[in-house]
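Next up: a single chain in structure tokens, the form predicted on its own.
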């Protein structure tokens, strides 16, 4: 059964993260306490810079996945709390490094750490958080969890290099783009879900769906309603799936536009509006979301083997939420 995406004006109940948030709230209090404790340091800049990003309003879906899958599989100890905290630190470190590589000035509507404290400090604090993450993995005593998360760290780094090599390259294929987000984004979500049960089967597809929806949002007006800046990817010259599809389907004149704006970085005030029109003309938003539906289906199928429970239901609704938020 496919993921149903309710359109605006529909009477159908919109999928929500609320059940997942409610079911994981007790454990997430412990995770948040651990985040604050583990980000502490006698080097004043470390908690100051880390706190800037940690407290910037992210949903912390990744550690919630770790907590939810652990509870769904009958976790008894608090080892999953340390793993969830490690997952969040890995994610935060990746964001710090990403903003340096991408030369980003804003994240979640705030100035990036690199803009405030500089590139060197951002990279080094990211490294500190990675070190703390691996310390917590070791403390759980689970070599399998350490294997899963360390493998994810290596895959994420490969994804960063792959993205760098494809940066501003309008000839990027859909397959190449999917390899980038599979490594950069889906790898940590998959690992976050997997370590919750350590060696139990896990949902792999939800972040692929979420990442594709994020790409679609960058060229749709819905982003403004969600408090995000429309066109950030465009202004930064990022090659996302809507661009890949639009470029392939466009005329030579349209391709020249993408080369000028994304490869050469030569953008005018009206270029974002024209880019959005091209993406709409070639149906790239709808097709990007359709691919997100596909990965949502994979996630739902992966969860099917687990007995029915409140946590399973919340995870299934979270998958639907990832796709439906495009509308």
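Positions refer to the first chain, counted from 1. The shown structure was predicted, so the numbers you read here are calculated from the model rather than taken from an experiment.
Separately, the form predicted in complex with another copy of the chain exists; it is not shown, and the next lines address it.
- The candidate site formed by 43, 97 and 165 is fully in contact with another copy of the chain in the predicted complex, as each residue has a non-hydrogen atom within 4.5 angstroms of it.
- Stretch-level contact check against another copy of the chain in the predicted complex with heavy atoms at 4.5 Å: of 169 to 177, 127 to 135, 247 to 255, 77 to 85, the positive one is 127 to 135.
- Taking non-hydrogen atoms only, residue 161 approaches another copy of the chain to within 4.5 angstroms in the predicted complex.
- Within 4.5 Å of any heavy atom of another copy of the chain in the predicted complex lies no heavy atom of residue 105.
- Another copy of the chain is not shown here, and in the predicted complex it never comes within 4.5 Å of any heavy atom of residue 116.
- Among heavy atoms of residue 120, some come within 4.5 Å of another copy of the chain in the predicted complex.
- Residues 146, 147, 150, 151, 153, 154, 157, 158, 160, 161, 162, 164, 165 are the ones in 145 to 173 with at least one heavy atom within 4.5 Å of another copy of the chain in the predicted complex, listed in sequence order.
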